[in-house]
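One chain is shown next in structure tokens, namely the form predicted on its own.
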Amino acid sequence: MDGKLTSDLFRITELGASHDPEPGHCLAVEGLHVHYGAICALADVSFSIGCGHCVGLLGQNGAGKSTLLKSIAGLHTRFSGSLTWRGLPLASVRREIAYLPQKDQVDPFFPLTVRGLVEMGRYPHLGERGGWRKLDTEVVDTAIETLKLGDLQKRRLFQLSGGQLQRTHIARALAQEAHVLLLDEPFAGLDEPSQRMLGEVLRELAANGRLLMVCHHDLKAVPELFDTVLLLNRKLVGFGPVTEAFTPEALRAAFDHPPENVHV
């Protein structure tokens, strides 16, 4: 991508669908415990992070990465601990948080076009006014342009490639005016050009004030994609800037069988 993405993101800001990083825009997780019956999925997880970051969630299968995202997204309601955004309970600021599940959890045959899915991002805002306005159309148009989906907006979801479908979901999050984007393995199954394009999109979104939390399994790509890492092994075993927290010691704590040939 080029400077067009950055300029379009600033245009979304002008339309009211973004925000400048502010000190009060902080996601705080304190003492989070999640159980599935007798199985402990997450134990005493605590961290806080402000907007303007792209955070890589790292850990082996079953480490609790998806559980953490779903808890923040409000899809898990049986937990103990505190989850807040801007100092407010997450339940009161749901429209500022967008969850993008793994591709295999999305029904590609749901009868929607690209534009129809992006328009769904405006639905949380319609209740306040009771109708669709010119501003809603402008925000949707700009989100579609930003993710380079203009030529695809009339296509059905099942006609999209994996990378195009991921960009469509991110466009919906932009139209929603989401400040926090939770992405569960968004790079899985994408070819190399699609991975590069998606990586550039995520970095630009963080640079323009969003907070992104991304489950990811390709450790070799971590320094290129993320500025912050959070390593889980059912509990928090590492958290901080990539240059400080992405260490051999943290990888050994996060993986029962640490991957080899990973440059840290």
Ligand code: ATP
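Worth saying up front: this structure is predicted, and the values here are computed from it rather than measured. One rule holds for the numbers: they count along the sequence shown, beginning at 1.
We do not show the form predicted in complex with adenosine-5'-triphosphate, though everything after this point is about it.
Exercise. Out of P223, G62, G50, G31, which one falls within 4.5 Å of adenosine-5'-triphosphate in the predicted complex, going by heavy atoms?
Worked result: Selected option: G62.
Problem set entry | Contact assignment for adenosine-5'-triphosphate in the predicted complex, among Q102, S82, S92, T113, heavy atom within 4.5 Å | Contact check passes for Q102.
Exercise. Does K235 reach adenosine-5'-triphosphate in the predicted complex if we count a contact as any heavy atom within 4.5 Å?
Worked result: No, K235 is distant from the partner.
Exercise. With a 4.5 Å heavy atom cut-off, would you call R203 a contact of adenosine-5'-triphosphate in the predicted complex?
Worked result: Because no heavy atom of R203 falls inside 4.5 Å of adenosine-5'-triphosphate in the predicted complex, the answer is no.
Exercise. Is T67 close enough to adenosine-5'-triphosphate in the predicted complex to count, meaning some heavy atom within 4.5 Å?
Worked result: Within the cut-off, so yes.
Problem set entry | Proximity of E119 to adenosine-5'-triphosphate in the predicted complex, heavy atoms at 4.5 Å | No.
For this session: Determine which one of 235-243, 31-39, 204-212, 191-199 lies within 4.5 Å of adenosine-5'-triphosphate in the predicted complex, judging by heavy atom distances; exactly one does.
Result: Only one stretch qualifies here: 31-39.
Problem set entry | Any residue of 195-224 that, in the predicted complex, places a heavy atom within 4.5 Å of adenosine-5'-triphosphate | Read in sequence order, the lone residue that approaches adenosine-5'-triphosphate (within 4.5 Å, in the predicted complex) is H217.
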